[in-house]
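So this first bit is one chain, no partners, the form predicted alone, shown in structure tokens.
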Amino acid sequence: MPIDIRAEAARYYDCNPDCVDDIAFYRERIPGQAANVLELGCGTGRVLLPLTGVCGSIHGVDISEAMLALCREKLARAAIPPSKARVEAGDITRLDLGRTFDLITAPYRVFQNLETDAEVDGFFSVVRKHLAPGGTCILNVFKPKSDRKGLRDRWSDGSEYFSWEQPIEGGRVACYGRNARIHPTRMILYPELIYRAYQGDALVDEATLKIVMRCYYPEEFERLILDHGFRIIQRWGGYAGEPYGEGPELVIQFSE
């Protein structure tokens, strides 16, 4: 496994108050109480745990052992047995679990962390390999807030900005972002998230997470899925039912 880039910042992931409200959306997409679900990029289990009550079983995969450790702690505290929910470390672009699933998800923009075309192709191969007959996959990315030129201009300064702050036991944690750089033709963002923990006014911890966010525009995202040989079933512009291309997210459900 590669170096776990989320190792230092994982403990702050669940503090984020700005995470999208998508759990009810995914609960409604479970095809039945006996359905088997695969979550690619399950992280700390933010979506995985709430889905355990509405499906037969759910299997989570993530490349970060630090995130999975937190997920396993949550599963243990909730007394959810392995027969109901299981998580493991793995590369979601090169995965073979030897079984298929009725629904495959990759919540909260996991797909955008795939930087190269080879990784994207590998991801779709993994989806195809693990889809049961009649099964579907749901992917989402954020909708860029500006056109390509505007996005390049916004990501040109590398300045740090405040994102959010939350109280924690013994103090507070604040998150700052930095637009580190952008690939100007492939439209790949390289943001940095800086977490700072305070006790009173004293800084007691700092962790920086450097990630990749590959941008997709509405027609481009659709075309990518179609070009990989899948059939689009439904599209949304957000988790409140916004029309595709008009909301903050791009969400597509597809099958073979």
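Given the structure is predicted, the values throughout are model-derived calculations rather than measurements. Residue positions are given as counts along the sequence shown, with the first one as 1.
Just so it is clear, the following notes concern the form predicted together with a small molecule, a form of the same protein that is not shown.
Contact with the small molecule in the predicted complex, judged as any non-hydrogen atom within 4.5 angstroms, is confined among 92-100, 128-136, 164-172, 75-83 to 92-100. Listed residues Leu224, Ala35, Cys215, Ile63 were compared with the small molecule in the predicted complex; Ile63 is the one with a heavy atom within 4.5 Å.
Within 4.5 Å of the small molecule in the predicted complex, a heavy atom is found for every one of Tyr13, Met67 and Leu114. Remark: Tyr108 counts among the residues lining the small molecule in the predicted complex, judged by a heavy atom distance of 4.5 Å or less.
Contact annotation: Val47 falls within 4.5 Å of the small molecule in the predicted complex, judged by heavy atom distances.
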